[in-house]
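As a starting point, one isolated chain is supplied in structure tokens, in the form predicted on its own.
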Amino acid sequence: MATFQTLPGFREFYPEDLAGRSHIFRLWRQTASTFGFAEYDAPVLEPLELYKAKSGDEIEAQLFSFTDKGGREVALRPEMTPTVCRLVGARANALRRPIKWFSIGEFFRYERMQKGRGRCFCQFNADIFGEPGPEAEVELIALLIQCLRAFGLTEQDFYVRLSDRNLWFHYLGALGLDEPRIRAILTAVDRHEKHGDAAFAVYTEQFGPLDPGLKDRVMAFLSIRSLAALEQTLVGIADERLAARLADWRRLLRALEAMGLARYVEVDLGVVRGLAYYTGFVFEAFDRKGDLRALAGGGRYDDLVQKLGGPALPAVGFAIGDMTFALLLEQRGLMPKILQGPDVFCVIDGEAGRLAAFADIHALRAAGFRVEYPLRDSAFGKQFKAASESGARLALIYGGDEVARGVVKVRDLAQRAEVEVAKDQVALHVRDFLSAR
């Protein structure tokens, strides 16, 4: 007989594993709600053209794409940004601004598998539409930080690297470079951390040798790690766009400092994020110890809604992947042991006890308590063992004598103490006991 296994890069979640993922999702949802973000969802299958329009034909290499039975070219979504831009663009005139939305969904990319990366993964996505100033970045970076802090992570565990593609464009433009050369330089900057000087091959292949003086200025700009250093570097460059951009940096960093979040944020112009649709501030969250790949990333993409058929609408967003994030929590010992046992376990003697218990079982479940009972008759000893192993707080005992007298024995399984309760008071007693602990 054939045996079937999960496809490479895909995941399965047994109940104990799913409980951990559900814990992560629950805290992300709670955090987004406190920031006033509204949750949305969207199809997992989209037209292939949606991703080509955003990223070009090269994206197809990573897609799970096919032709459906209606002859349409479709793909499992590899990310949420094009979809949310489509949704917002379709109703932009009817939505109150700023539009603050979040989602938690599943995504698919045919990539080489490695630690913290699979071909099927989940992401928390948060976006703000309709706010052109750095106030949107303030809100999103604060949300990102709190989405990590909610689990007990501190500035000793992670940090956010903050950069600015617009600043790079204005700076390199002031040095005399045209847009194609600027884009080639930014591609090199994006790859420099991993490949060193070899990253500049992308420039030399297109435009010939890079002037040593220009390279020195690019490397000096790339190494900037503070606002003061940035301001000092730009002294003497008379460019209104650079001056305006510095003002935005000051507004952003002052606001984060006022929130008490400055210790989590580092200026790092080496971060430019490779996707060409980013148009301003970009940021990434990283593990302080450097053992893991990026925990989260995002930035401003003011042109994408219009590019995908909607109106001109400024936008900023970020995503947190669940795989790397779960690894970080496990490394730091912050993934709690999640008990999925019942609140109450019913120990039942015979058919009379079973019928007497059913009314209480249903009433307690309707009141929101988790209740289990043996589906088949078994010895009291086995039932008490099952009650202890289940992790229940209370055992309700429906023996023949108790049923005859119209009472139920309630045993505290931790303290091994018992009391008798009138049958019509069982639900009230259970509620009072569990709410007091």
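So that there is no doubt, residue numbering starts at 1 and follows the sequence shown. Since we're looking at a predicted model, the values are computed, not measured.
From this point on, the text means the form predicted together with histidyl-adenosine monophosphate (HAM), which you will not see here.
- Here the chain stands alone, but in the predicted complex its contact with histidyl-adenosine monophosphate (HAM), taken as any heavy atom within 4.5 Å, falls in 120-128 among 230-238, 120-128, 253-261, 348-356.
- R149 falls outside the set of residues with a heavy atom inside 4.5 Å of histidyl-adenosine monophosphate (HAM) in the predicted complex.
- Although the partner is absent from this view, E111 contacts histidyl-adenosine monophosphate (HAM) in the predicted complex, with a non-hydrogen atom inside 4.5 angstroms.
- Not displayed here, histidyl-adenosine monophosphate (HAM) is approached by M323 to within 4.5 Å at the level of heavy atoms in the predicted complex.
- Though the partner is left out of this view, A294 does reach within 4.5 Å of histidyl-adenosine monophosphate (HAM) in the predicted complex, counting heavy atoms only.
- When you look in the predicted complex, the only residue of Y301, Y159, F102, W168 with a non-hydrogen atom within 4.5 Å of histidyl-adenosine monophosphate (HAM) is Y301.
- When histidyl-adenosine monophosphate (HAM) is considered in the predicted complex, only one residue from G317, P342, G89, P314 comes within 4.5 Å through any heavy atom, namely G317.
- Contact here is defined as any heavy atom lying within 4.5 Å of histidyl-adenosine monophosphate (HAM) in the predicted complex, and by that definition each of G116, R273 and Y278 is a contact residue.
- Of the residues in 62-80, only E79 comes within 4.5 Å of histidyl-adenosine monophosphate (HAM) in the predicted complex through at least one heavy atom.
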